[in-house]
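Just so you know, structure 1 and structure 2 below are the same protein chain in two forms, each on its own as structure tokens.
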Structure 1
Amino acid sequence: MSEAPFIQINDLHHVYLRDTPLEITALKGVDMEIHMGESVGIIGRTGSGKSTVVQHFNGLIRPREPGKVLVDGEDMSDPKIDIKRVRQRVGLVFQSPQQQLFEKLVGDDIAYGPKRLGMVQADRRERVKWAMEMVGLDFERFKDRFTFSLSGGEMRKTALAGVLALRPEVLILDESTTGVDPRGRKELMARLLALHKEHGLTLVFVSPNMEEVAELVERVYVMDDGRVVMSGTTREVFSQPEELFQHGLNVPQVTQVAHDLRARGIGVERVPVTVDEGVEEIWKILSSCETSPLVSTYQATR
């Protein structure tokens, strides 16, 4: 992780429809840092300000209220900033894929960004093919499909491929796996993890799915009522289920099981946040003593 954050937010405020009867204060002094090469989760109940804050990351919303947003040291409130370049480096995939799809054919939609960058046709084709492969869309099968004939999950993958085709340094996913079938979502998560680990892609993941957050990110910000109310490593945050519950959130199911076992006096050495960690902890307990409380409970229920 680099010393200076690539994205830095200090005391950021944002008000929608200011000075109207519909005025809504969305952000109330948010501080965040995103370093290159890391994966960060932003979680919170509906209306907590998650989408508003990530739209500041690439200038879809420019800071006009008190506060500062810096991207690679550049002030996003500066009217002279090269916003096109920022959006090439920081890609954002929306909750609703329809907001990002506009070309008639899937291949043309994914190629739009590279075409705007001036890439020649042969290079664009290879970039589109790579991006579609990354999200699990077969190039020959989907490149000539009508964009709005796709299923919801296929639209999400197409929108993601269109952003990946720009080869961003930071990829923001704003609940972008919602609507993808479980198998497709698992495959997509694996591909994103590979991009993060093998190619150094920085990930910012906004999701209501705690299991996905636990699998994908190293650090978490928790938002509520326009503020950051908790932050830390994924394990640190999910080790505080009572506090998360106060903010309308839960922990991953395997983490909750571990907390319940501890409450029953069963010694869970390390609270797991992923299923693989949970399996490992359970086997430790089972193998430590044949007469452990867990084994006795299991045998009594048979």
Structure 2
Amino acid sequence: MSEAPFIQINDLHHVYLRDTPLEITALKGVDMEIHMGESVGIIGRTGSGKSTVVQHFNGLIRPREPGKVLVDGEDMSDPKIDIKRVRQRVGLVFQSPQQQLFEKLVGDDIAYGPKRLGMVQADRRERVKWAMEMVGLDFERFKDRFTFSLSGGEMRKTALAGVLALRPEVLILDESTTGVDPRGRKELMARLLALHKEHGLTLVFVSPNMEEVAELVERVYVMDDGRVVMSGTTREVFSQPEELFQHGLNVPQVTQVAHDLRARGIGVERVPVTVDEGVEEIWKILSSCETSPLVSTYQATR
């Protein structure tokens, strides 16, 4: 990561309802950076300031002194900046899909962004087609459906397609998996991974769900009470379960298994964060002692 970060924020503060009796301090000096091609998780309990931070990434909230937000080198506090272009490059998907659908028909809704960008009809159609394909919605079947009559899962896909249709370079998902059933969640995670790995999309994933974070991202920021309290690779951060616990978070169960084993004096080389890694780590431990003849049999057959 030698090149300059794509998004860089420094000493960011934010107060909601400033100068009123209801004043709420949401951010108390936050530093973060997002590089091109990364996938980064922002985790923390409700009210920790996660959403407030990411809304700075595409200029929905502008920084105030002394805070600074740079997107591709551009200072977001400059009122003359081309904000539409920033919002095209940094796409933001919100939690509830209902809040993000504005048009009567699915096709028109996904075309909303491209239309605002001034694309011509034919290009728009292609763009909508592409976006729908990316999220797994059949173009012919869905383009003329009423947005408000879709099922929850279909709405969510439409909302994601609506943002993808802008062809953003960075995609922010603000708790977009909350309330999704496991089937929908698996599909969504697979599609996001594909977008990241195959299309080089930079992902910023905001979530309180540690299992998901472990699956999807390489690096995390942990937030609590308006500050970044931990940061590092997913493994580094998950290696400190007690600290996470203090911030109202837990680790994936497979990580917990490794920690508990360590506590009982059983050495685990590398702290696993996914089930796949967990199986390998535990297998290493089991096969290092010759308890069962089958272990050696298995090793012999490999």
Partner chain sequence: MSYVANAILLLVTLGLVLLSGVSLKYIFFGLKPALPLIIVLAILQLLFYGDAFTPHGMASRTYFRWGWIHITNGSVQLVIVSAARFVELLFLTSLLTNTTTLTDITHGIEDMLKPFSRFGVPANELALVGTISLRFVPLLGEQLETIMKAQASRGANVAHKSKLEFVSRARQVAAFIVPLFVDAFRRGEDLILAMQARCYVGGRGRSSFVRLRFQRMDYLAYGVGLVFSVLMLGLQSYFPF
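By convention here, residues take numbers in order along the sequence of structure 1, the first being 1. Under this definition, the rigid core comprises the largest set of C-alpha atoms superposing within 1.5 Å between the forms. Nothing here was measured: the structure is a model prediction, and the numbers come from that model.
Looking at the condition given, the form predicted alone, one finds it describes the source of structure 1 alone. Relative to the superposed core, residue 119 undergoes a C-alpha shift of no less than 2 Å between structure 1 and structure 2.
Fitting the two forms on the rigid core leaves the C-alpha of residue 232 displaced by under 2 angstroms between structure 1 and structure 2.
A C-alpha shift of 2.4 Å is found for residue 151 between structure 1 and structure 2, based on superposition of the rigid core.
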